[in-house]
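First, one chain by itself: the form predicted alone, in structure tokens.
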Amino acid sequence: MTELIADPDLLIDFRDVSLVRDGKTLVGPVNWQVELDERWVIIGPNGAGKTSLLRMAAAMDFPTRGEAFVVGERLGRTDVRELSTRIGMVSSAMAARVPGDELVSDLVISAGYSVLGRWREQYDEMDRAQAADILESMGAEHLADRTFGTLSEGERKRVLIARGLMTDPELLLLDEPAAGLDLGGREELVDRLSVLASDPDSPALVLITHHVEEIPPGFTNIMMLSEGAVTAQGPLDEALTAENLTATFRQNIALTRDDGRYFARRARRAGGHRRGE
């Protein structure tokens, strides 16, 4: 039997991957390849399988069927602890685990040890300078001496992204980072993610969202999921259409585009509308 090998140009390489729990297929089958310079959006309704897909990309869950390679390692054949510094993950589940009295500077710098909460780790001036620079890139440098519990929801999201970037990961996964934000917080986050997406030194990015309005300019590709199945996939400017959104959300959707941002609403007539400018 021929041994499957990883493609060195791919950060994610899913080949007919499915995740099944208690006889129910949560997601799949999925064929999905992510290259270093790509910025992906995963969109779909509640229960579509988005988080299940992302957990496999984060090596938190292994596929029930198919073959999955993440940052060049085959899931099920490698120690996932070795991947912890190569994959950045930002999610509400992580936010819930952060102690309220944790200093922001400690929360960011401790990512190097893959721990929450400073204990006996030792950090040098280079580590501290890197943490400060990353916080500044996310517009959060002024929060360094604050505790996590005193931050607004938008501030927490930006700090957690800074933590995700601390280890210089090859892949950064963002699970609904705009969830719970007000309009101002959402727009600040979208702007920061757009800057990150446009930086050629940034890791490959995968962003989960329910809303096209949360897609930052600079993102390149999209996958749409409905009830665990892929309804559309490809370059953002080709695959993000009213027709594909209608199939994904199972109601007629109209889609418009303005200044690099997308906006969706329920269509006034059957069939939806094509994307306009």
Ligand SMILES: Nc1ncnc2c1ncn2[C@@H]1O[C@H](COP(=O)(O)OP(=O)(O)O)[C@@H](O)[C@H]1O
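This one's a predicted model, so the numbers in the text were calculated from it and none came from an experiment. Start at 1 and count along the sequence shown; that's the residue number.
This protein has a second form, the form predicted in complex with the ligand, left out of what is shown; the following refers to that one.
S.K.: Taking the partner as it appears in the model of the complex, which of 46-54, 235-243, 32-40, 64-72 has residues with heavy atoms within 4.5 Å of the ligand?
M.R.: Stretch with heavy atoms near the partner: 46-54.
S.K.: From the list 212, 230, 26, 60, which entry has a heavy atom within 4.5 Å of the ligand in the model of the complex?
M.R.: Looking at 212, 230, 26, 60 one by one, just 26 meets the 4.5 Å heavy-atom criterion.
S.K.: Though only this chain appears here, would residue 21 touch the ligand in the model of the complex if you measure heavy atom gaps against 4.5 Å?
M.R.: Yes.
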